[in-house]
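First, one chain by itself: the form predicted on its own, in structure tokens.
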């Protein structure tokens, strides 16, 4: 798999719809890389920086129009790139990101019906045209993912459910967007069936990561 990054270390992102297991699998990959003595940092979008966490709270607590959400994500992304991602890649630390720029294309573009070309140009501005070297798509049918989130939120008492409450049509469009994005860049994307047991998914993720790192 070709390396697109110009930095010393690779940049890996996890993508997928609600309940796909991105956060779990990103952290498991971080642990496996650490156990292989590979310097690694796990970040999330939006989040990690002070601005990113503020944006996360705003987006989860308010019913913004898609354009407002997209611009908020872009602002958080630009700060995360400048403060955390690029400095670590330059010094040789692999960065694993729980969501990145493709989420905006899938959610606000395919899901929110915003112009895809405009979103892509805005992403280029926010990221200075840096893209992940490897993107792992955890593909889950929307009904399965949303049911997972329902169960998880009930067990934790989570009440901020912005995107989960949107119509099923929205989530189907998001999934279609991810599949189309993956189809357009097969050298960057790896599609994994995320509807299986998390241990099986983690094994698939590690197999692809091992090949990528030539372990």
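Numbering follows the first chain given and starts at 1. Note that this is a predicted model, so its numbers are computed, not measured.
What follows is about the form predicted in complex with a small molecule, which we do not show.
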Picking from 188, 32, 149, 172, the single residue whose non-hydrogen atoms come within 4.5 angstroms of the small molecule in the model of the complex is 149
Are any of the heavy atoms in residue 177 no more than 4.5 Å from a heavy atom of the small molecule in the model of the complex?
-> no
Residue 154, heavy atom within 4.5 angstroms of the small molecule in the model of the complex | no
Any non-hydrogen atom of residue 60 within 4.5 angstroms of the small molecule in the model of the complex | yes
Contact between residue 52 and the small molecule in the model of the complex at 4.5 Å, heavy atoms?
-> no
Quick one: which of 128-136, 98-106, 78-86, 113-121 gets within 4.5 Å of the small molecule in the model of the complex, going by heavy atoms?
-> 98-106
